[in-house]
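Shown here is one chain on its own, the form predicted alone, set out as structure tokens.
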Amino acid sequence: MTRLRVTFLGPLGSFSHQAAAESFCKGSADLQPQVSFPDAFAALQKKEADYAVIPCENSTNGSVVQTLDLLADRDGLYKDVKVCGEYYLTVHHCLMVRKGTYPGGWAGYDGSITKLYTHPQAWGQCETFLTKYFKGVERQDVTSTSKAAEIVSKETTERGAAIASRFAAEQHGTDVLVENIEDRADNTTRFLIFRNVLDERTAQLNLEQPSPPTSEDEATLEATHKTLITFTVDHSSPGALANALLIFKAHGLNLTSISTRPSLKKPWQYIFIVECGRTPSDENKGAVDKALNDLRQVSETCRDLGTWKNQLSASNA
């Protein structure tokens, strides 16, 4: 069998690249960067890739809106793409500059940096450090933290710095001035692993490899499975959403998150994206299928986006 093709949001050196590399054993997969989330999903739908590793939420900054829009799939472009796993990556940000810019490192920094580059999500994760040392310094949004590292690695006319990972610094050959500048040591991004359910290459593979819990409390959780479901309801019908959500309780499914995205069909109408969990047992073996059947009776649209093993379960610790 040829090597698995795993796609992720590029460029090389991004946190998505790091998550993909750690999720699939080094050397066992062909890691393929994509320029956008939709491109990664399209590659799966067309069976040009076997898996996609996509960030879905950060413990500090919350949900990744671009991923929610892909899950909403308003135009039905990715009807065969489902979640089959997850991976938790502890995110450590570094302040980096072009190689040789400050030979003395952070101890010799003279305050001459005039511009900072990073992905918009990273600003909020490093606000304490930035406020203390770079208050008033221009901030430039770029498409990824890795792109920020690439920009400063090549610049020659200004004193710029990037916020990115050490993984990105190694990819682009920059000097790291300060490590671990994030506000919280437990700053973690959860990535969802997707596959095409019609792809026979991935049908028999087990993606339940562990990633470590991010706290002692999470290590005590029971082994659970998660399921992702999207649905819409008649917004003009009183109690329509409540009736839909009660179905999860009735079948013993614990709601762990609810997100919404505009349906774009009518103003102020939404697609609900629900994640729920359960501890597998003989009694609730068919709980998800039963809940989906009942949900279809009270919703306008309903879609199962996959079930996978919770990587924060005690059995994975």
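Just so it is clear, the model here is predicted, and its values are computed rather than measured. Note that residue numbering begins at 1 and tracks the sequence as displayed.
The following text describes the form predicted in complex with another copy of the chain, which does not appear among the structures shown.
Undergrad: To verify the annotation, which of these, 284, 260, 66, 36, has a non-hydrogen atom within 4.5 Å of another copy of the chain in the predicted complex?
TA: Contact residue from the list: 260.
Undergrad: By the heavy atom within 4.5 Å rule, which residue out of 147, 190, 166, 98 makes contact with another copy of the chain in the predicted complex?
TA: The option sitting close enough to the partner is 190.
Undergrad: Which single stretch, out of 286-294, 45-53, 247-255, 28-36, brings residue heavy atoms within 4.5 Å of another copy of the chain in the predicted complex?
TA: Every other range fails; the passing one is 247-255.
Undergrad: Looking in the predicted complex, is another copy of the chain within 4.5 Å of a heavy atom from each of 73, 76 and 280?
TA: Checking in the predicted complex: none of 73, 76 and 280 is within 4.5 Å of another copy of the chain.
Undergrad: Looking at the partner-bound form in the predicted complex, is residue 134 within 4.5 Å of another copy of the chain by any heavy atom?
TA: Flag for residue 134 set to no.
Undergrad: Is residue 113 close to another copy of the chain in the predicted complex, meaning a heavy atom pair under 4.5 Å apart or at it?
TA: It does not: once another copy of the chain is placed as it appears in the predicted complex, residue 113 has no heavy atom within 4.5 Å of it.
Undergrad: I'd like to check something about residue 184: if you look in the predicted complex, is any of its heavy atoms closer than or equal to 4.5 Å to a heavy atom of another copy of the chain?
TA: Residue 184: yes, in contact with another copy of the chain in the predicted complex.
Undergrad: Check whether residue 126 has any heavy atom within 4.5 Å of a heavy atom of another copy of the chain in the predicted complex, and answer yes or no.
TA: Residue 126: no contact with another copy of the chain in the predicted complex.
Undergrad: At 4.5 Å, heavy atom to heavy atom, what parts of 32-63 sit next to another copy of the chain in the predicted complex? List them in sequence order, or say none.
TA: 57, 58, 59, 60, 61, 62 sit within 4.5 Å of the partner.
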